[in-house]
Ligand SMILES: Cc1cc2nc3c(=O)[nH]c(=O)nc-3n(C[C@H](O)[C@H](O)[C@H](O)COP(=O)(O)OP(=O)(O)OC[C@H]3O[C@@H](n4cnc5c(N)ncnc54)[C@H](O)[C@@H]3O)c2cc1C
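Before any questions on binding or motion, here is one chain by itself as structure tokens, the form predicted alone.
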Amino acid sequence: MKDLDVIVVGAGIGGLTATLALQQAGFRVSVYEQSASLGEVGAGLTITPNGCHALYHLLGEDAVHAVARTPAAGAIKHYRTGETLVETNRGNRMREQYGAPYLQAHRADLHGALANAVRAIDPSAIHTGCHFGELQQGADGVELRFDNGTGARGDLLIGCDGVRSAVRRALWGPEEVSFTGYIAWRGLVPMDRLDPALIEPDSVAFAGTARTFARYKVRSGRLVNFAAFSRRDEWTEEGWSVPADVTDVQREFADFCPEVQAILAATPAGQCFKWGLFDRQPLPQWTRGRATLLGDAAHPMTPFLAQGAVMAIEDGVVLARAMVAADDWPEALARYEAARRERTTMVMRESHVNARRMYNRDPDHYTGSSHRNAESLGLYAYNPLTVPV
């Protein structure tokens, strides 16, 4: 098995996690990314204990804490008054209860740490500017063609190319990518533009009627990441990098409390982006022949449980463990899918349920018994390093 050449399409968080886990397990891996370079894309992300187990294993605790921080305290606040409705303090409790902490990070920092670790093992592993074109499978392997005229051959293909996955389309044909009815804005604000006393505690979600504004600190507390969610009947653009005018967000959230207004007013030019949230129906099967899917390519996640990146991280580690445990590649891919598909399908569905709950709530009567999240669903208790494969 260790003589297999594995091709990964997509060098996002999931693709790089899978690559690093497979490298550390002794496999040869080549990653092909459509972007011209790996750069500073995205904003904040949450790493719950179930994902932190994997990152500690792959990167080491020191490297993880160099790019991520544990919020000292958290809360759900009333959108208009700013009153604390529910305390969500995690701190040391997460490590004590689950064996790993709850962390928040700038996506680019975690992405960079993963990319550096991959290149430390194989400096030539990551290939950029390679947009997937077509796939051919045969008895002796897989062959890929990219739109830039280059190609690649290997024994296995792992499609990690996101919600609009071209690998998924090549395996299972075209599918409808549906707009969920939710729109989001994100931004990054330097803390030195804000009154520190206003940005307390470290991590807060403001619960409004059919709207949510969340913010937390990243980069050792030097930046505040925000994400604001609302409803729309339709959306004609999609992606992480659609520039937005912060005045649009200010109009949408004009009735939110002074803290939210201060964050929006302090947002630097060029640091506000918007995206529409899209998803697909769960697949009954991920694997076809020598190819399988991982992360959003397999199970696109809406953000309402903050588990999208973590599910991809779990996938990558479980895939590598399945490869080590199996006697041949068909068994490895079967073990991987059997270990992951039921869990990720459940998380996809529960994220939609949580969205409906969030956008139908009455913030004037929101209590601890109303609060539902990934922890209350038991997701944090999962350890991708020990789950059976």
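Note that the structure is predicted; figures quoted are calculated from it, not measured. So that there is no doubt, residue numbering starts at 1 and follows the sequence shown.
Although not depicted, the form predicted together with this ligand is the subject of the following passage.
Note that among 88 to 96, 281 to 289, 304 to 312, 242 to 250, the stretch whose heavy atoms approach this ligand to within 4.5 Å in the predicted complex is 304 to 312. Site annotation in the predicted complex: the residue of P101, G162, G208, G187 reaching within 4.5 Å of this ligand with a heavy atom is G162. This chain appears without its partner; in the predicted complex, the one residue of A214, A166, I199, A115 with a heavy atom within 4.5 Å of this ligand is A166. Proximity of R193 to this ligand in the predicted complex: non-hydrogen atoms within 4.5 Å are absent; the residue sits far from the partner. The shortest heavy atom separation between L45 and this ligand in the predicted complex is within 4.5 Å. This ligand in the predicted complex is not approached by L171, whose heavy atoms all lie more than 4.5 angstroms from it.
Among heavy atoms of F132, some come within 4.5 Å of this ligand in the predicted complex. For the partner-free chain shown, G10, A11, G12, I13, G14, G15 of 10 to 26 come within 4.5 angstroms of this ligand in the predicted complex, judged by any non-hydrogen atom.
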